[in-house]
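In structure tokens, one chain follows: the form predicted on its own.
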Amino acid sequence: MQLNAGCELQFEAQGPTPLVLMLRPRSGAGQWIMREEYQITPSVNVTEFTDMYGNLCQRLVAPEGPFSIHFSATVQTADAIDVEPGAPYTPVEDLPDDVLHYTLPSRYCQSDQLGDLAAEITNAVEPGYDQAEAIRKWINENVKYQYGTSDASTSAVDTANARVGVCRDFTHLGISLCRALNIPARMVVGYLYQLKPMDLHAWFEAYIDGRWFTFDATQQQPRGNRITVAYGRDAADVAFTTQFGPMTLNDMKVWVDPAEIAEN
């Protein structure tokens, strides 16, 4: 499916403020970037680099006063995500070097503290894909989705105890429980078609049987039509905006709509 997706951010900077943005998706598995547009008002110099996870990042300095960022893209997306019940666990000794660090605890994903819960959730489940799916299903059924119940400091352990949160919290918990079983897991942020309410979204991927599979604990069934923007260990690696100074986000709009395809 071809989707038009994007976001508009309205800031007020109290002084010149360095920013790192992570708003541009790139073509890859399940998506092809057909068109994109980036508008920054007022115009400033922008440089771009690729971080250690392969994400496209933009550096700039926002001037004092109102500052806006508009990004939009037309993307060809996969209508479904791959599922493979029964896919076997990949032993740690067989993991690629660049996947191994996704088995370790990170800032928001204290997998070393969630081993008992992971074992309880996956009791009698075959190692591998079925464990990750059991974790996704357990979070979906046992953690309440509710805005305003967490903040930027909320961790996976906090969510496991409170049993409430938003997509970021669901994702951190899913990652942590997978890692507690030595299944590599990483955070993904981007867009999901027909997400309700519409917002920037987060889910997780688990490395099983030699490849990455998508799991979204906020959804009851596997859903495609996703646009990936960034990957990382947890939210600390995949912030859409990172500011280095006093700056207020006054408004944010996000949209994902079917693209109008011109007929020949």
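Computed from a predicted structure; not experimentally measured. Numbers for residues come from their place in the sequence shown, where the first is 1.
Beyond what is shown, the protein has a form predicted in complex with another copy of the chain; the following relates to that form.
TODO: Spell it out for me: taking another copy of the chain in the predicted complex, does every residue among 196, 240 and 252 have a heavy atom no farther than 4.5 Å from it?
DONE: Spot residues vs another copy of the chain: no contact at all.
Open item on the list: Which is the contacting stretch out of 79 to 87, 99 to 107, 185 to 193, 132 to 140, given heavy atoms within 4.5 Å of another copy of the chain in the predicted complex?
Closed with: Of the options, only 99 to 107 has residues within 4.5 Å of the partner.
- [ ] Could you work out which of 95, 164, 125, 119 is the residue within 4.5 angstroms of another copy of the chain in the predicted complex, going by heavy atoms?
- [x] Only one listed residue qualifies here, and that residue is 95.
Open item on the list: At 4.5 Å between heavy atoms, is residue 223 in contact with another copy of the chain in the predicted complex?
Closed with: Output for residue 223 is no: heavy atoms all beyond 4.5 Å of another copy of the chain.
TODO: Decide whether residue 26 counts as a contact residue for another copy of the chain in the predicted complex under a heavy atom distance cut-off of 4.5 Å.
DONE: Although another copy of the chain is absent here, residue 26 would touch it in the predicted complex, with heavy atoms inside 4.5 Å.
Task: is_contact(residue 59, another copy of the chain) in the predicted complex, heavy atom dist at most 4.5 Å - done: Yes - in the predicted complex, heavy atoms of residue 59 and another copy of the chain come within 4.5 Å of each other.
- [ ] Indicate whether another copy of the chain has at least one heavy atom within 4.5 Å of a heavy atom of residue 209 in the predicted complex.
- [x] Judged by the heavy-atom cut-off of 4.5 Å, residue 209 is well away from another copy of the chain in the predicted complex.
Task: Contact set, 33 to 51 vs another copy of the chain in the predicted complex - heavy atom within 4.5 angstroms - done: Residues within 4.5 Å: 33, 34, 35, 36, 37, 38, 40, 45, 46, 47, 48, 49, 50.
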